[in-house]
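Form predicted alone, single chain, as structure tokens, below.
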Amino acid sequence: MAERPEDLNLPNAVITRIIKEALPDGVNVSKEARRAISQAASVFVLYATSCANNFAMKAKRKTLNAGDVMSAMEEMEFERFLQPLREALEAYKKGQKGKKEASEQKRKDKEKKNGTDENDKSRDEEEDEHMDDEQEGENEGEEEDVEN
């Protein structure tokens, strides 16, 4: 864990993108202001994580979950952000569910294809064996003719 909040800074590109999306076009932000916003964001993340961790510890868990974060936001008096946070979490869950379903379907399709391929291989192998048997029978007949 970091010794000081300054040790944990969010990437400048992320901070710059968030700032640009939050402000109207034509508004400039000084390098110093971007740095201050970056540090404030880092402190906020650390504080929110600490509060959420307290809720997890009270529940005798080592893993923070979304409910812990929601409770932390309330405790920190950021109630007005709860609804957008819930909506973002719901969108995330739907996206993950869609990814999982797509992955499962892809796996089933692959298994189905492999099963078909294996069936084709088995049929081909059976045909090869059958042809080998026929050739052996013919060869045996030829050997008998040679012996006679």
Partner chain sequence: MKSSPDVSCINQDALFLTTKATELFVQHLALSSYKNGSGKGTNTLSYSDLARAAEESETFQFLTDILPKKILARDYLKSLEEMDKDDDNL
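All values reported here derive from a predicted model rather than from experimental measurement. Positions refer to the first chain, counted from 1.
Quick note: we don't show the form predicted in complex with its partner chain, though the next part is all about it.
For residue 30, a non-hydrogen atom is located within 4.5 Å of its partner chain in the predicted complex, even though that partner is not displayed. Its partner chain in the predicted complex comes within 4.5 Å of a heavy atom belonging to residue 23. Taking non-hydrogen atoms only, residue 58 never approaches its partner chain to within 4.5 angstroms in the predicted complex. Shown alone here, residue 63 lies within 4.5 Å of its partner chain in the predicted complex, counting heavy atoms only. Looking at 65-99, the residues that come within 4.5 Å of its partner chain in the predicted complex, counting any heavy atom, are 65, 66, 69, 70, 73, 76, 77, 78, 80, 81, 84, 85, 88, 89, 92, 93, 96.
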